[in-house]
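The chain below stands alone and is given as structure tokens, in the form predicted on its own.
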């Protein structure tokens, strides 16, 4: 293994935590700063009190008649006046609050219980989506008023009518939940949670639902307002609650009957309905704002598993170096995306390599060469539409491509772990660092809450974080990028994996922190025997950690070699170009070399050498037909027709 020209700190180097930001306000403190929301909450709280203990708010019997003051306006004895029978309007409003709010609670509860799980299921499970969408459309096509009249005719119960209201309004909420959840499921931290082995339903309720609480609350408040108006309308028609039982709709009906004699009677009855509707909407908006502020205050795409067509693990690639103790054995792996015309567009072509237990192997190349897609193929987390069209992926002798999606998910996190290049996006902003690590521990080990908390601190210490208790209590926005990457590594280690796939783990970090992360990975490898598949565009990073490297270009492996030999004598022009373009290997005072052009998109890949158009050494022979990857020396292979000349003459860099 060759050392990187950039000095790495000692593997036991510890880093200091950055000062914590000012303590974040709690939900109640944020809510109190919403005056309209507070006013709405106070009003609805009075309604709750009126529902359970109306006698606390009035001493007047709602059925008591004062025939001396029929249809009176507001007086000292009757603050809101009286109706056509001399009954106190305020008392009847207070006693009618309970049935009104109970109906709203039933409708909202039914709508939420049906819509939230259905919407989440539609967003998380593709086969369920089609069923939920069609049922949704069917329910929305049913005329609601006819259903309500039928329910009331059959049951005579207002409560059953409100159950029907909840079912009829659920489809609108299903659409909101589904669309909002579908957006959140594209977030990298959701994909990371799946990689860590968290189940889909736990992801839905723990990670997705809190993020979409805002639009759900707003729509629930609208459902509550709609339910209140619907109940009042039915009571106005004399359905459900019938006189002399106090109801808000019944009060409006009484007022309408005597509108010509005393218009005032419509004001309190209609006003209480209007004010309560407004209170529901204002409260929903306020809570929505509070939840949104909760996760945005400190903040500075859906994976799918696709079963593949497998082929026997006998490779047509004669350059594969068989390893008897290989932990991961990839043979002729080909991955494709669907094209607009329905055909398959290849993005990885017949890639083969081995990774031994405790070994670090680098996958190197520019963006667009297929490195990450290869890693995701091994992981079983290909982006939507992509699929393995041929090849074999064996992990410790088990063919991964023959496993069911559930079996494949069980491998992730426990046997294979993943670390992404954007640690901040891999962490859920709603939960503390400690919670996210302990969740991974509990998922993979079944540990108790107490044991998982202790293991969390052990993992934070293992990744060399000072003051692990403080960091465990921190939210992702309260830690630095380098520390966030250490946390991601700690989560990856929660299931004691045997193979770690690290996708550009240092790209988003500054040079000093890059060296610290590389040193940490090297230390973890030595301490735990962890095998590492390092995906990187930087040969300097690869040389600091890996024993062997696979150079990829435009979907193909173009060279395989021990890292030291690759650095000293590259046997493919592209490998030489990567070395020449790396500032770490440049001669001071000399002009930094570049590779002309860029990696062509998959639809522009030729049948012959993919690098020929950018290669200064290309001849006509390079453009005749496919170029095989051939063994050129013990442990070395190259995909170049001029490999013999390259071995004897070298490559000018």
Partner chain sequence: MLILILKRVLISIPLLFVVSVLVFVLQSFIPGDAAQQIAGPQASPEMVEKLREALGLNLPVWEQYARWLGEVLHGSLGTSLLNGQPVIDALNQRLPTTLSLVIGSTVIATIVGVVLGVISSRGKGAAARFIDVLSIAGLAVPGFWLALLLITVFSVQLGIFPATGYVAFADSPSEWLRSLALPVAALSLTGVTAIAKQTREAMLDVQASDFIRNLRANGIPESAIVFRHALRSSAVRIVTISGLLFIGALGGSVVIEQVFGLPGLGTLAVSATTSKDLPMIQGIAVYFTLIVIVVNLATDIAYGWINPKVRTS
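The model shown is predicted, which means the values in this text are computed figures rather than measured ones. Residue numbers count along the first chain shown, from 1.
Beyond what is shown, the protein has a form predicted in complex with the partner chain; the following relates to that form.
Residue contact with the partner chain in the model of the complex: residue 538 places no heavy atom within 4.5 Å of it. Shown alone here, residue 491 lies within 4.5 Å of the partner chain in the model of the complex, counting heavy atoms only. For residue 425, a non-hydrogen atom is located within 4.5 Å of the partner chain in the model of the complex, even though that partner is not displayed. Contact between residue 130 and the partner chain in the model of the complex is not found at the 4.5 Å heavy atom cutoff.
Heavy atoms of every residue among 146, 150 and 271 are located within 4.5 Å of the partner chain in the model of the complex.
Though the partner chain is absent from this view, in the model of the complex it lies within 4.5 Å of a heavy atom of just one residue from 237, 344, 581, 102, which is 237. Comment: the partner chain is not present in this chain, but in the model of the complex one of 364, 440, 333, 122 has a heavy atom within 4.5 Å of it, namely 440. Stretch 255-263 is the contacting one of 255-263, 206-214, 352-360, 561-569, since its residues have non-hydrogen atoms within 4.5 Å of the partner chain in the model of the complex. Contacts with the partner chain in the model of the complex, taken as any heavy atom within 4.5 Å, map within 407-425 to 409, 412, 413, 416, 417, 418, 420, 422, 425.
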